[in-house]
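Below you will find one chain, with nothing else, as structure tokens; this is the form predicted on its own, and questions on how it binds or moves follow later.
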């Protein structure tokens, strides 16, 4: 039998009251608190019985023998999927988000940093933004810049405005004039392909030795191949507001602080979580233990994708304690993602 069929209206009412109070206070919630603040027409004894039933269903648990109850991971999931009412984002918050983008250069990295900052400020949590994967972006132009006789800075510019640069080591000194010729040739011949397709084209032509007769093309291809090997599959991420989480009691002791900050240092885990959200549009909520934060179990992620022309570019989100105010942060993430997508579309 599904959980929706097991819980009656009173069960849902009590579960919601416990979770709302726990979000506000961070303390275990007793039956008297529920009766006094949320369900005033029912006795504490009746509510205590309902809470005991919810505990048997693994929706609530007691952290201490004499304490009130707090929601379990299953309780959080049921609340979010079946009970939570999501409010419209307040007008003042919508205006602040719009203002954060005003006057900013429309270069994609700048926009995404502004996104991370405003999400962190408004949510009072940590904000994360996953930049588009370089391999999936459509190639527009390449530029080679001589740094010294053994190094060349390779700059890839995508149609979406993404700019990525990689430092390439070379065996011979190449003049800037020669590098400019390489840039012009590759920009003209490979424009409109994804960078993954560019890499495949380069490898294919090198394998088939079609370019051996043309020194200019050979050098350009070799140089761009080295650059693509450096960082084609790397994904970058912008994180703001990690220290906001230190204001919550669950992260207040020294050991928890160390674990929390270490989690954000190891960006690959956060990137892996956001990658899961790229398969479909809309808001995704990954709770507590689902989030694979092994050292910090009491953190959750609310994320959404941003896109351009129907193509998902990346994801953005908010990371905070599991007792976040979901009714406010879900519309905050959703609105920001949609506005960012609209900005990309307009540009």
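Numbering follows the first chain given and starts at 1. These figures come from a predicted structure and were not determined experimentally.
Keep in mind that the form predicted in complex with the DNA is not shown, yet the notes after this line are about it.
> Please name which of the stretches 280-288, 300-308, 30-38, 314-322 has residues with heavy atoms lying within 4.5 Å of the DNA in the predicted complex.
One stretch meets the cut-off, namely 30-38.
> In the predicted complex, is there a heavy atom of the DNA that lies within 4.5 Å of any heavy atom of residue 10, even though the partner is absent here?
Looking in the predicted complex, residue contacts with the DNA include residue 10, since a heavy atom lies within 4.5 Å.
> Is residue 43 near the DNA? Define near as a heavy atom within 4.5 Å, in the predicted complex.
Looking in the predicted complex, residue contacts with the DNA include residue 43, since a heavy atom lies within 4.5 Å.
> Using heavy atoms and a 4.5 Å limit, would one call residue 51 a contact residue for the DNA in the predicted complex?
Yes, residue 51 is a contact residue.
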